[in-house]
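One chain follows as structure tokens, the form predicted alone.
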Amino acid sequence: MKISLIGSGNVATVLGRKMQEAGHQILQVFSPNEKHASKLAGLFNCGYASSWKNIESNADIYMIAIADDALQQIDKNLSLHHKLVVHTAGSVSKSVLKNVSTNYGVIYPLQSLRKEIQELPKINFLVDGNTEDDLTLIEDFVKTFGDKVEKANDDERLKLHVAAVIVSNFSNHLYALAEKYCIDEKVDFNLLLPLIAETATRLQYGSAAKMQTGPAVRNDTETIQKHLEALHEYPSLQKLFDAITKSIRDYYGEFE
């Protein structure tokens, strides 16, 4: 397949690499920032454009990987008639493309993507299309480079995007807070890395609810109080620590 990438950020870079490794051709990269478009085009050894009017018309699939707010305005800049057009957003309806082309859908990578990564990660994909034929074409295409491909409508994709934010973005923010706390208190955050890896890995073997450990699930009030006192100089972190502790207690209280 010949692909036109509209966007030059993390998602466009990683998915472009995945598609190219699977034998597909990146025909062109578009970005309104010419420097960004040129740089990514260099990676894929393809053409680039920084003006909407210069987007090639002979690609098989046009993949739009841009910010959600920009995606809402895409039909003001792009008209591709009957070409197959997809976006990559988790929480934006496929219908945002209905005025761009008669054939459209979604290829949403359920993964945290960074263009700097050297080794491409495993990526599960959620796909959708505005017709059964388009959905079949999109699904078959993504199966050539995706690790797992599932059909998901707008509502299902939104719910999984919410869950993805919780397990990835929220978790990473907690890592950042813990890292800063360790730096401020002059203890080694890196000692926690095996624990972080183990906590994530064990989810392959059972429900997260059954894997919960720690003082909150044990209702160990003495240890919890010590922890809160240790955070007295970090009121924001102390407040968050207390709220999550209460959430764990409330959750497991349902099973008592």
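Residue numbers run from 1 along the displayed sequence. Since the model is a prediction, treat every value here as computed from it, not as a measurement.
What comes next is about the form predicted together with a small molecule, which does not appear here.
Trainee: Considering non-hydrogen atoms and a 4.5 Å limit, does the small molecule approach M19 in the model of the complex?
Mentor: Looking in the model of the complex, residue contacts with the small molecule do not include M19, since no heavy atom lies within 4.5 Å.
Trainee: Considering only heavy atoms, tell me if M211 and the small molecule come within 4.5 Å of each other in the model of the complex.
Mentor: M211 lies outside the contact set for the small molecule.
Trainee: Is H36 close enough to touch the small molecule in the model of the complex, meaning at least one heavy atom pair within 4.5 Å?
Mentor: Yes, H36 is a contact residue.
Trainee: My question is simply whether L113 lines the interface with the small molecule in the model of the complex - judged by any non-hydrogen atom within 4.5 Å.
Mentor: Taking the distances in the model of the complex, the answer for L113 is yes, it comes within 4.5 Å of the small molecule.
Trainee: With the partner removed from view, which of 126 to 134, 140 to 148, 179 to 187, 104 to 112 is the stretch that lies within 4.5 Å of the small molecule in the model of the complex, judged by heavy atom distances?
Mentor: It is the stretch 104 to 112.
Trainee: Do heavy atoms from each of S31, W52 and A89 fall within 4.5 Å of the small molecule in the model of the complex?
Mentor: Every residue of the candidate spot has a heavy atom within 4.5 Å of the small molecule in the model of the complex.
Trainee: Counting any non-hydrogen atom inside 4.5 Å, which residue from D68, E229, D220, E56 sits next to the small molecule in the model of the complex?
Mentor: Residue within 4.5 Å of the partner: D68.
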